[in-house]
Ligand code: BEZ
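Okay, here we've got a single chain as structure tokens, the form predicted alone, with questions on binding and movement later.
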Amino acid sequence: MKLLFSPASPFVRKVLVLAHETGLGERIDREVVRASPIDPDPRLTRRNPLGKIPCLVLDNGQALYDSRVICEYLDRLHGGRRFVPGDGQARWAALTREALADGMMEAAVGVRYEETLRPEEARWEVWTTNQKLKIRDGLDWLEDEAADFSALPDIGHVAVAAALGYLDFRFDADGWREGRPKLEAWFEAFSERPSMRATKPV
């Protein structure tokens, strides 16, 4: 398998954390591609017409995207405990948590594009403010839930960790930890996992 990726992407990190957690990391080759919305990389767009990362190319040439699909695929390749619960309340809780974290990552990446790619005179302050509001509200929801996070991680926890790691990486000055001690404590503990250490962006 080959993963088309950018090292700084939180969606890529989510996939790589899961790959490490499930023992599949060594089975995945990696190829860095451009993921710019204004300069599409043909190596990526011929596999994923949306031009988004990550994109996993299987040995038979089939391409899988987005990160949710890739994570569920990888979770079916190993013989250990599943990170995507098969059914019941645990499944819906994990997938909802993943959806929230993915939405926060989408908002954060959107703000990053707005602040670095869009010409300054064309930037839309109200849009940026509202994207950051989504992130803030998501963080507040996670703070309320963090004390109940299971010691056994699921795909929702992996996604949350990737989202918080991206906020540290790109938006550290915004101080997401302030007023969220339970979420901070959970993230600090989760960040000690080998999978998180191995995938931390530089």
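In this text, residue numbers run from 1 along the sequence as written. None of these values were measured; they are calculated from a predicted model.
The next section is about a form of this same protein that is not shown, the form predicted in complex with benzoic acid (BEZ).
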| query | finding |
| --- | --- |
| Contact test in the predicted bound form: Y65 vs benzoic acid (BEZ), heavy atoms, 4.5 Å | no |
| H157 within 4.5 Å of benzoic acid (BEZ) in the predicted bound form, heavy atoms | no |
| Partner proximity in the predicted bound form: Y73 to benzoic acid (BEZ), non-hydrogen atom cutoff 4.5 Å | no |
| In the predicted bound form, W127 touching benzoic acid (BEZ) (heavy atom, 4.5 Å) | no |
| Stretch in contact in the predicted bound form with benzoic acid (BEZ), which is absent here, among 94 to 102, 109 to 117, 128 to 136, 75 to 83 (heavy atoms within 4.5 Å) | 109 to 117 |
| Heavy atom within 4.5 Å of benzoic acid (BEZ) in the predicted bound form - qualifying residues of 163 to 194 | Y166, R170 |
